[in-house]
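The chain below stands alone and is given as structure tokens, in the form predicted on its own.
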Amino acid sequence: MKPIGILGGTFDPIHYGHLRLAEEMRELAGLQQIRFIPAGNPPHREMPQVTASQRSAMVRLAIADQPAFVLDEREVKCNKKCFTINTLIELRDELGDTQPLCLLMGGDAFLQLHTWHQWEQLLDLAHIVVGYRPGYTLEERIHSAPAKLREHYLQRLCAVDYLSRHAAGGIAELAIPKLEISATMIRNRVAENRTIRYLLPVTVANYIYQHHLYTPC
């Protein structure tokens, strides 16, 4: 059974860095689908500048031409703080015990995993697939992480084919070239009245301009 990928984030706004990461992971990990889950009330950072519904609308526009990408608005529609563990519990209840699920993230996010709510239970519900820049492996960086996270990493590290044969429990690494694009860069460029062309889909750029997002008050 092909795994389903789960990619969460504030997507404030979504850009080609997010989309390229997702496409590379879909191909390299053999994912049947990737669910983009915009954060509604993110517990690990300040509230985004624009509303959850606006960020969700931008994701919908950005992924419209890729059938394997699906927008999941469950966190956007939640009025309380949304933790990844709760989202995974809901998805597992909906999709069953045998469907492989892959929580997708970058290397920096993985090295902060120990700060997440009930982080040690995440692998009971899903695999974790970590994208890292080629030539700069996660293995070289994990030694600076807390002991519990290092232990999880070393015990659960697996090959990509493990992901489709088990519903959860593995940690797989994928070498993925990183596009040097950030949401902060895009927000700053809009505020400074500079072009954001070729940093994100034109449909998303048009939405930002039409709704006057990220402009100074």
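Predicted model only: the values in this text are computed from it and were never measured. Heads up: residue numbers just count along the shown sequence, starting at 1.
Not on display, but discussed next: the form predicted together with ligand ATP.
At least one heavy atom of residue 187 is located within 4.5 Å of ligand ATP in the predicted complex. Ligand ATP is not shown here, but in the predicted complex it comes within 4.5 Å of a heavy atom of residue 109.
Proximity of residue 17 to ligand ATP in the predicted complex falls within the 4.5 Å heavy atom cutoff. Proximity of residue 171 to ligand ATP in the predicted complex: non-hydrogen atoms within 4.5 Å are absent; the residue sits far from the partner. The listed set 102, 105, 138, 88 contains one residue whose heavy atoms approach ligand ATP in the predicted complex to within 4.5 Å, identified as 105. Of the residues 59, 31, 163, 183, just one reaches ligand ATP in the predicted complex with a heavy atom at 4.5 Å or closer; this is 183. For the partner-free chain shown, 7, 8, 9, 10, 11, 15, 17, 18, 21 of 1-24 come within 4.5 angstroms of ligand ATP in the predicted complex, judged by any non-hydrogen atom.
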